[in-house]
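Here we start with a single chain on its own, the form predicted alone, put down as structure tokens.
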């Protein structure tokens, strides 16, 4: 059982997570916050022990395990800048990485656009949904799926899965981890408004794929080249046969 009091005492934010909702079961935390008839307070967090229709990027299933994982979403509907949406995506990954490193001293790697890896295996992922009218972003929902205390994983994955427990060799306190992630996330939101270049440099420092030969897979097929860098909006710069291309989405893997 998630102990809300234990989470709250470690939460050190002004906005993020101060409006907190806990569900034993829900279709999807992202979908719940996207529904206009539900919560409208900026910074609200919805946590669910079980998601019936949990999803990752490109509508892939994301399975949560009751009392062993963290699946939650954050609502943002103030001071949104369309040019910073992908920076926000990278910043959310960075917040998870910083929290895991701070609490468990694990070496965390970030994989474009939204995967968090430990030991080359996926420990967490981010799903960002935005609602806009015309050129204006009205709200963004940032969804987090984190493998915390699962002892094993079955099934096939694009990237092998792991949990903090498997890497840290003991159970982790989910309440403490959630508060730490939200603390870092609020700091990152402030930093994006001040100077987003620090977010980009911090993300780059944790991405081991930059400079490597890669394969990008999307709905149009596969292409091969080099992961040159990310640009000032957080998109992947892909070099192939001397031509530099900006990549907005796709599955990225090291070319073997």
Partner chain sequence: MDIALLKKLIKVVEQSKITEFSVQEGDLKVKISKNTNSNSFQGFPQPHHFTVAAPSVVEAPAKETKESVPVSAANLHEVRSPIVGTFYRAPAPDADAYAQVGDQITEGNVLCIVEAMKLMNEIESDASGKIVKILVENATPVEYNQPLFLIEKN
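Note that the coordinates shown come from a computational prediction; the quantities given were computed from them, not determined experimentally. Numbering follows the first chain given and starts at 1.
One more form of this protein should be noted, the form predicted in complex with its partner chain, which is absent from this view; the next part is about it.
- Query: Can you check whether residue 127 is within 4.5 Å of its partner chain in the predicted complex, heavy atom basis?
  - Reply: Output for residue 127 is yes: heavy atoms within 4.5 Å of its partner chain.
- Item | its partner chain contact at residue 248 in the predicted complex, heavy atom, 4.5 Å | Yes, residue 248 sits close enough to its partner chain in the predicted complex that at least one of its heavy atoms falls within 4.5 Å.
- Does residue 114 make contact with its partner chain in the predicted complex, using a 4.5 Å heavy atom cut-off? Close contact exists here: in the predicted complex, residue 114 approaches its partner chain to within 4.5 Å, heavy atoms only.
- Answer yes if any heavy atom of residue 169 is within 4.5 Å of a heavy atom of its partner chain in the predicted complex; otherwise answer no. Residue 169: no, not in contact with its partner chain in the predicted complex.
- Only one of 75, 123, 97, 90 comes within 4.5 Å of its partner chain in the predicted complex by heavy atoms, so just point that one out. Looking at 75, 123, 97, 90 one by one, just 90 meets the 4.5 Å heavy-atom criterion.
- Message: Looking at heavy atoms inside 4.5 Å, which stretch does its partner chain contact in the predicted complex, given the options 145-153, 174-182, 160-168, 132-140?
- Response: After filtering at 4.5 Å, what remains is 132-140.
- What are the residues of 65-90, in order along the chain, with a heavy atom within 4.5 Å of its partner chain in the predicted complex? The stretch touches the partner through 82, 83, 85, 86, 89, 90.
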